[in-house]
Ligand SMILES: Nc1ncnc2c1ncn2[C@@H]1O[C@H](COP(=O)(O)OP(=O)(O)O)[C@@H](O)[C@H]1O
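Encoded as structure tokens, the following chain is the form predicted alone, with no partner shown.
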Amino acid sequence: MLAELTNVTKSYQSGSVTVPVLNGISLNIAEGETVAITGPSGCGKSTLLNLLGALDQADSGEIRVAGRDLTKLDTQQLAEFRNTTVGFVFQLHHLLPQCTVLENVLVPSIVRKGADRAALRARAAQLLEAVGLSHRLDHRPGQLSGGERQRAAVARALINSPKLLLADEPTGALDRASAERLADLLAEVHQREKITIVMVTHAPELARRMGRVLPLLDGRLSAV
């Protein structure tokens, strides 16, 4: 298994009130699998994704990804895990406006010590060609359409060859045509990179393109 969650709980404080979000989540995700997490707003979908990506910590339970128990890693180890094992695609692209598209894709690779910079630059160019942006390498994000910016974000998420791609409402800010193109791109990425994808989405048509759909309701997952 690439990822294993065992009896994971998570809650947040709202003033003096404790608000439970995840209530004993257990989930196994095989290497190379594609999974959609669905459910109403505020049900904890993004929280679950953030726990898988080590952007947040569980209150209890165990989370293992690529053989590592995330609950036992220190701050530096978690940062290294996020940089090397996981790629993130969010609803908003978070591209740096002052950097070119090529430079944005290379950003996650900056902290890699001893990396072959020429090889990384070549991979970035190849990824941008794969997502249909080979003609946009030297453009700034402000010169791209919304769909193009999100495709650049996908390329950036893949630069370090992660084992797991986490996508949080990746089509939420796109029009229908751009959303369909991004869905096609993610399917191509899955085939080409042999990467595991876990996606949070409100879009039923996008969820159906994943191998497994898991609704999240009342803090628990169920299969459909």
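In case it trips you up, residue 1 is the first one in the sequence shown, and so on. Predicted, not measured: the structure shown is a model, and the values here were computed from it.
Note that the form predicted in complex with the named molecule isn't included here; everything after this is about it.
Heavy atoms within 4.5 Å of the named molecule in the predicted bound form belong, among the stretches 33-41, 65-73, 176-184, 151-159, to residues of 33-41. Of the heavy atoms in T171, none are within 4.5 Å of the named molecule in the predicted bound form. Interface membership of T47, defined by any non-hydrogen atom within 4.5 Å of the named molecule in the predicted bound form, is confirmed. Within this chain, V21 lines the site of the named molecule in the predicted bound form, having a heavy atom no more than 4.5 Å away.
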